[in-house]
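Below you will find one chain, with nothing else, as structure tokens; this is the form predicted alone, and questions on how it binds or moves follow later.
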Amino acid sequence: MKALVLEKVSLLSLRQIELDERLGPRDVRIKIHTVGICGSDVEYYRHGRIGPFVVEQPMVVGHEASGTVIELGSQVKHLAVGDRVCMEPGVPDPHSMAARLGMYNLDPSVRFWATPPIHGCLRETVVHPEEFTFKLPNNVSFAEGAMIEPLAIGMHAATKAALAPGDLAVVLGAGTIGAVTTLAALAGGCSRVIVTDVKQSKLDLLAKLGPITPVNVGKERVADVVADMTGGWGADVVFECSGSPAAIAAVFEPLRPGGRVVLVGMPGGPSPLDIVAAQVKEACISTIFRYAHVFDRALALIGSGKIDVKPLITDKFAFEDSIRAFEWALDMPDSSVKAEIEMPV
């Protein structure tokens, strides 16, 4: 089949590739319709690695996807040919200790699309387990379906934050993950979310999506804004979504005593975390890695209209223009949030 293949660092090709994907009894074969370009895809293209995950052989990229079921395994029960679906890209070993403990995202042997050496989904068809394939409601488009994967990260972060109704949250970073974390925090009960970035166009976009206060940290300190809004008390929750060492170093400044910090963004290397600043506030610190048990909930929130991701889909490319799309993504315009690639019908 035809696929977008990362041959090595900084070299992509759109070519035919042979993949051995036999249909198991509980699998479905899916014709891909839409694939989102994730920051991790771009990092593999730019650097060939993310932390311990290194591209050592040609790999199909892409893991945020939606499509149509075209073939069923003999034991598939809940899907039918013609169903429009989105797919959770990480498939764990069901017998692993992590899976048995309910933390299947932390299974060391998880097979996650476009994480070396596992091929991704920017290709014509994929075979995927039924239990990690979710039927799209009639009112949810393929484009929105491909957004379920990044939204699941925000949902997982909001779950880890143990949000309470009326919480005030701060989200550091207004990229795709910051944006979906903002929407997930509002859906999880926050009364208001303060979002920071240095790119004003991204902040302006998010400010239209709900009770969201944008803060351009190139012009003002978020801790000052939070202090003004809370009488000096601080925010209940801070989500660090930028991966910026400077943001991580100052993550406790806007936090109230006894508040919660969730580290979402992945920095490129070691980052300073002010332990004393955390201790004097008895801050509760959580981290996340991908997500678990939230894909269906994210889809339900979009289907119900509680979360609207459509404004975040700012750019679209045809499959034949995939290489150009990735070159564009290396230096996205400030006004862009999420780009998607659409396969031919």
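Heads up: residue numbers just count along the shown sequence, starting at 1. Given the structure is predicted, the values throughout are model-derived calculations rather than measurements.
Below, we turn to the form predicted in complex with another copy of the chain, even though it does not appear here.
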query	finding
Among 31 to 39, 66 to 74, 283 to 291, 314 to 322, the region lying within 4.5 Å of another copy of the chain in the predicted complex by heavy atom distance	283 to 291
Heavy atom of Val126 within 4.5 Å of another copy of the chain in the predicted complex	no
4.5 Å heavy atom contact, Thr115 and another copy of the chain in the predicted complex	no
Distance check, Ser191 to another copy of the chain in the predicted complex, heavy atom within 4.5 Å	yes
4.5 angstroms heavy atom contact with another copy of the chain in the predicted complex for His95	yes
Listed residue that, although another copy of the chain is not shown, lies within 4.5 Å of it in the predicted complex (heavy atoms), from Ser201, Thr213, Ser141, Thr159	Thr159
Residue (of Val85, Val217, Val226, Ile248) lying close to another copy of the chain in the predicted complex, criterion heavy atoms within 4.5 Å	Ile248
Members of 8 to 25 lying within 4.5 angstroms of another copy of the chain, judged by heavy atom, in the predicted complex	none
